[in-house]
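So this first bit is one chain, no partners, the form predicted alone, shown in structure tokens.
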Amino acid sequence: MSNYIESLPSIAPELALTVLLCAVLVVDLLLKGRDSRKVGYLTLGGLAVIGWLLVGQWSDLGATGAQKRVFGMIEIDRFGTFFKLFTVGSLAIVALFVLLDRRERRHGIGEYFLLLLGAGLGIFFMVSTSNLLLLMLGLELLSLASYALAGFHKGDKRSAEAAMKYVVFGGLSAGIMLYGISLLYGMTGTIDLAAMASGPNSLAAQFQISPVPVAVAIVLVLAGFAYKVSVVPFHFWTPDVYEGAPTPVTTFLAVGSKAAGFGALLRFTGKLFLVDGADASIQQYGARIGMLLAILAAVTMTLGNLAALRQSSLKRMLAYSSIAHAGYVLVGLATMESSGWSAAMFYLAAYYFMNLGAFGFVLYFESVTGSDDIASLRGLGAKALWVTVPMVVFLISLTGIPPTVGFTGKYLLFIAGVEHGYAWLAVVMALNSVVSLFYYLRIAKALFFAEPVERAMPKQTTLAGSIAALAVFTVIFGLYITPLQEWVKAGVSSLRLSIG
């Protein structure tokens, strides 16, 4: 018992998030659904405390990237802390979007914040474990909260349809992933990735018996991750769910949930194939997994960009855009080297600023036009420069044009691909970036070069300021990349990969 008590400070952020979740529930019950803004302010304050705890944890782990395992399942390292800070930042912006959404009710939405925090708790455990049971529990906690969030507007047909599709496809992918985990457990007798990589009943021993069951199990698990991050051919749910869900929820799914999926995928592949002590045959098999990821990256980015060209809805366009960006991130993963993984994590951080800002823009103009159609933006560029100019910055960054952080992220991925034998994939990524320019600039064209339509422009100062701030960071981190680059390198190095 004393060992458990001594380990509690190591999971202080998780404990704080659990306490915050319970506090939000109790306060909402005491308010009886009235003035849910107070619940939102409590959420933002609690997330600030959790962020402070995570920054302290990052510092305590030290420049050497110290690692700790507590309760036999939870890994405390800078890699996990990186994604937890990412999650807290995403939740804070999404909670702020909920508070600033002019079309959202002001009463009876306390569950919004409860579900967001529940999803965050699932992410915290997902990205901090090498135990496949805890990974699955965290994934399901995230998924269940996301299903409810997607259908939060019960009276809206599109929201209800989005939730139903998400539940059906999510349940199918979870079943596939769980079956793959059960196969791994059946072959190795463990659900711990480190033991699978180097134990007496490791996957290396199973290769000698028969490589086919191992390949099937790993592919099934990767399919579950592919669904979570919207990789082709498991992307089909994304456009409908993104379009039908409330815009703040879409923002969370596109940024927080996607990054969590990549975080868990990185730890899974790293601990199983690349970590120090893994059998040589396991590491060689990792190269085959890298080739599979490279093929998926090429197909995913190409399909996402080509499909986005045909969209008239902003949210559907950004949904296909997020699919394409998942393909870009996979370029870094496919290298199966720490430098490529650093590039992938840098791009996820870049994606945070530019995609949150883009969805903030959608939220702003939905309250003005009542629609997310690109045609509804005609001629509105000059009427809200504090929002439309930042949106142009986000579009430039999403395309990968300097001096934005999106350009830096794609440049690092391009270099990683070329240096690790995937020059053809780097060329595909560059060509896809050119294709994306066409549909991103359609938005700028509608804002500034189309015949203007007379509309009243209600003041949304706080939301406009938040969008402008995200645009500023998008440019700053494009010009001064060192802090962000050192941050992601420290996260990857804490995984103790045996190569790169």
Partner chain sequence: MQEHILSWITFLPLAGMALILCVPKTNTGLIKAISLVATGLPLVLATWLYFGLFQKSVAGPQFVQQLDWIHSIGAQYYVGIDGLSLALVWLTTLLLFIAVPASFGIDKSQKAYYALLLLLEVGIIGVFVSLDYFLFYVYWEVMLLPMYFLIGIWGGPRREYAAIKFFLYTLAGSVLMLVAIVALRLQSGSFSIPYLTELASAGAMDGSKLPGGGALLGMGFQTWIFWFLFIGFAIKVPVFPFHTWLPDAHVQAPTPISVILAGILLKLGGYGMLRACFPLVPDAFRANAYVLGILGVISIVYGAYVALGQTDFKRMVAYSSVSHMGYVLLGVAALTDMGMKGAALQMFNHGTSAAVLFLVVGVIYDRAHHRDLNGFGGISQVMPKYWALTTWGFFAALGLPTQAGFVSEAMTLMGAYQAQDTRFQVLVVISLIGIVLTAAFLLWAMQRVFLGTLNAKYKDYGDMSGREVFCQVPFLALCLILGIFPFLLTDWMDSSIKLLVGTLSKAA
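Since the structure is predicted, the reported quantities are computational estimates derived from the model, not experimental observations. Residue numbers count along the first chain shown, from 1.
Not pictured, yet referred to below: the form predicted together with its partner chain.
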query: Exercise: L441 in contact with its partner chain in the predicted complex, heavy atom 4.5 Å; finding: yes
query: In the predicted complex, Y147 touching its partner chain (heavy atom, 4.5 Å); finding: no
query: Partner proximity in the predicted complex: Q485 to its partner chain, non-hydrogen atom cutoff 4.5 Å; finding: yes
query: Contact of L437 with its partner chain in the predicted complex (heavy atom, 4.5 Å); finding: yes
query: Its partner chain: the contacting residue among T190, S143, T399, S198 in the predicted complex [heavy atom, 4.5 Å]; finding: T399
query: Contact residue in the predicted complex, chosen from K445, K32, R37, K68 - any heavy atom within 4.5 Å of its partner chain; finding: K445
query: Contact stretch among 72 to 80, 358 to 366, 254 to 262, 414 to 422 - heavy atom within 4.5 Å of its partner chain in the predicted complex; finding: 414 to 422
query: Site check A326, W341 and L495: each within 4.5 Å of its partner chain in the predicted complex by heavy atom; finding: no
